[in-house]
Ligand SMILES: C[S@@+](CC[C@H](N)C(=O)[O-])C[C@H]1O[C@@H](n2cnc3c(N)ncnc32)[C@H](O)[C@@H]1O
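The chain that follows stands alone, in the form predicted on its own, written as structure tokens.
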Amino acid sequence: MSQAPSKEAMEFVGKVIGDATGMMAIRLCAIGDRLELFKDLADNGPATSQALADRTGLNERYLREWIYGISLAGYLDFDKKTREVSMPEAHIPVLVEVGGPLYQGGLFKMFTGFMQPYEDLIEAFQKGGGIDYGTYPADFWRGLEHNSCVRYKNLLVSQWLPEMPDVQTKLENGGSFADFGCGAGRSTIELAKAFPKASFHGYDLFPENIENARLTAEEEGVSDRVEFEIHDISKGVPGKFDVVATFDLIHDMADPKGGLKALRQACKDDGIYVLMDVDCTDDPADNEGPLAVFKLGASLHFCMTSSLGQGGMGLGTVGLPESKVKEFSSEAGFSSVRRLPIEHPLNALYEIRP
């Protein structure tokens, strides 16, 4: 006769089921975000599954099932009498307001995107190597851009830059700024909006990122003082600048030490390098907090594996703690590293000088 399961085993089963429920809820959110169902409910009010189908042109039977699941998960309200689903007012900033300080749509897109190359990841476990950037779907890159947009629109100029008065002064006086690995250019564009006298340059490997950055710069009215160009920093730097910056780039690079040496070359002798990367501990096992597991999962699914896929160092998401920032910066020829006193659940920010 088998023994009854222990209390600890039963509690652990409960945790597994809870985690599986959370994973499924995020997938349902990704569907609601992708098909703009959250936006429709916020804009047009409560609806039955049929009314939502009429409004969106989507299939009623699929909408009905989605409504039951997303409501039971606590993301929407459901009235059993009227059979209407509705968007709670407090959920709108989180689910609908793109670029707002609480918006999580980027997370839903990223989650779905970097989970897709599953067989490639299993093969990397078995054979080594990694996953090429081109394997990830468009949703992943859109999610990454949306997540970045939240930080840059709401934190970069208003909260982080005041901690770097010398950077502010250089930009106020018309200095030059270069963002390497600029992605869709959100950080560069937000700074350009705040400092009309300065000149701004964004560089990225991927043509689609540069195309999107140019379009956004045009929409935001800063295309006259922002230039976006395709450029691979591993091939050298296109000039010297008063301020250079990388946002969430170094830990992803195949050769982070070489990247920092190139950034030193791009930084004038009296210039400043602004480095934003993932906040992490020297020992990966010491990472804690609500995003710790997410960071390690993201590392396996993208950050570490994409670097290894290029034959790189594979630092991973939690591979650039403050101690390594200082070590790599010193090797690259920088003389000082100052960690800024910002509080953020994901990122650390450094001011680095030649």
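The first residue of the sequence shown is number 1, and the count goes up from there. Since the structure is predicted, the reported quantities are computational estimates derived from the model, not experimental observations.
Heads up, the form predicted together with the ligand isn't pictured, but that's what we're talking about next.
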- Query: Does at least one non-hydrogen atom of Phe111 fall within 4.5 angstroms of the ligand in the predicted bound form?
  - Reply: no
- Query: Taking 4.5 angstroms as the cut-off for heavy atoms, does Asp232 touch the ligand in the predicted bound form?
  - Reply: yes
- Message: Contact with the ligand in the predicted bound form for Asp248, defined as at least one heavy atom pair within 4.5 Å: yes or no?
- Response: yes
- Task: Using the partner position in the predicted bound form, report whether Phe78 sits within 4.5 Å of the ligand, counting heavy atoms only.
- Result: no
- Which residue among Asn209, Gln104, Ser199, Ser223 has a heavy atom within 4.5 angstroms of the ligand in the predicted bound form? Asn209
- Query: So which of Gly175, Gly181, Gly130, Pro117 reaches within 4.5 angstroms of the ligand in the predicted bound form, heavy atom to heavy atom?
  - Reply: Gly181
- Which single stretch, out of 159-167, 190-198, 137-145, 89-97, brings residue heavy atoms within 4.5 Å of the ligand in the predicted bound form? 137-145
